[in-house]
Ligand code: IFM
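Here you get one chain, nothing else, as structure tokens; it is the form predicted on its own.
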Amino acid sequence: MSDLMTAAFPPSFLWGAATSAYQIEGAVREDGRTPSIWDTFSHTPGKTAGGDSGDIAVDHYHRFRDDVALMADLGLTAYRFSVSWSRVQPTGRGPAVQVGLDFYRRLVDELLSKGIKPAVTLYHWDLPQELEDAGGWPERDTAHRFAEYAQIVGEALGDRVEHWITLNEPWCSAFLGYASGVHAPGRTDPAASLKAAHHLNLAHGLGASALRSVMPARNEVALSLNSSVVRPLSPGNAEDLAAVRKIDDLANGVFHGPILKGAYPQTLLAATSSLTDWSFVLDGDLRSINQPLDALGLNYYTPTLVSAADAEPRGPRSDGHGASAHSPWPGADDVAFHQTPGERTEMGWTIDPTGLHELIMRYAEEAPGLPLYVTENGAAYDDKPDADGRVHDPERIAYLHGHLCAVRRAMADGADVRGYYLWSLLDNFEWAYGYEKRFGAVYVDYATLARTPKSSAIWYGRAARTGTLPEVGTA
């Protein structure tokens, strides 16, 4: 491992950071933008910690030039951001609002002027509220509306942006949004969540085709999956292994099955047959979904430990996705979730870089020849400025070092990993957790919105500049 820790990453490796529109932009009522499901959800009493919302967030909409300058000062070579669908196409249908697109044109131009490669995510959970009112992702038409939106953004930015991601973490959109209800739109209908998953898959396929119809062939079309690394509580126990199979299908197979292989896992269809007959999968859908990908984005934070539900618990039983009386795992009531052992972040997520290596190698095997990016990886800690106003976060440096070593190990094992995007560039609105959890490499004072790079940002910037990992403790 010592050789891997000191080995250089390739010069072409992208050292990036990632954000999403609703979490950082603010300006929710400016320039024609209309409410998304997250505007509605966050303004519903009891849905977010402290009643927080993204109304102002960290005001990136007005401060983007300063934020890009900050990235350049740190030495980042790539930046992954999402486009607010409600800012570009306020009703989710019809012509674009050019002033909304102009914001992203200015952002892209600013990034390119600083030598930073932009990576556009078209959908990071902020569905226009009018589309949700019409049925949301459980409705087939939403996938077609997404394709129209993808074409609009592709036409506007495709001449300057080479890296494109259709969807970010469709698992969260489908199952946290429509099954457990802890994310927007807050619905708790397991059958609807499975419909949502299929229509998100269809949106990816139709959106990829729409992008390719209007962009140069050199551009890269991908999507980002938060695939789970699912492990059994007792590796030799047949019932625990069956639990792994069930959760792996719901976490991973429901998306990469149709997207990579053109079919849903038969075990998934059988396990959910009491909820749906999957008749919403129409002829031609799987061909539309199974578009060739140019790359695949993997988001990783922590592994998942499961058993059959009658197993004796080891620590708290939690799937790590927030408290809810409703499960985000339709058809898996016979599965128990367990806290994995080891140090944990402020989210309660166990720190385990071996899971990232395992995830990368899984997709290197299942999709040979497909370039991979780590499009999210990071940790929340209770960061605070010291008396001099500096923010030291040695825990995050250790986290990044361990996970980047895992990436380097996977590359040495033959995986074609071409970049890493730290989550997140800035402290921001952390969905249902409001502003309680800080994932940023850059500290944001929420009262003044002043930005202060944490010691982890300085450390990561050194890695980006040198292509090697500095020693822990050398920020």
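The shown structure was predicted, so the numbers you read here are calculated from the model rather than taken from an experiment. Residue indices: 1-based, along the sequence shown.
Beyond what is shown, the protein has a form predicted together with the ligand; the following relates to that form.
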{"property": "Listed range touching the ligand, judged in the predicted complex by heavy atoms within 4.5 Å, from 164-172, 387-395, 127-135, 263-271", "result": "164-172"}
{"property": "The unique member of 420, 443, 423, 41 whose heavy atoms fall within 4.5 Å of the ligand in the predicted complex", "result": "423"}
{"property": "Heavy atom within 4.5 Å of the ligand in the predicted complex - the one residue of 376, 383, 352, 249 that qualifies", "result": "376"}
{"property": "Distance check, residue 430 to the ligand in the predicted complex, heavy atom within 4.5 Å", "result": "yes"}
{"property": "Heavy atom of residue 301 within 4.5 Å of the ligand in the predicted complex", "result": "yes"}
{"property": "Interface residues of 22-57 toward the ligand, as seen in the predicted complex [heavy atoms, 4.5 Å]", "result": "23"}
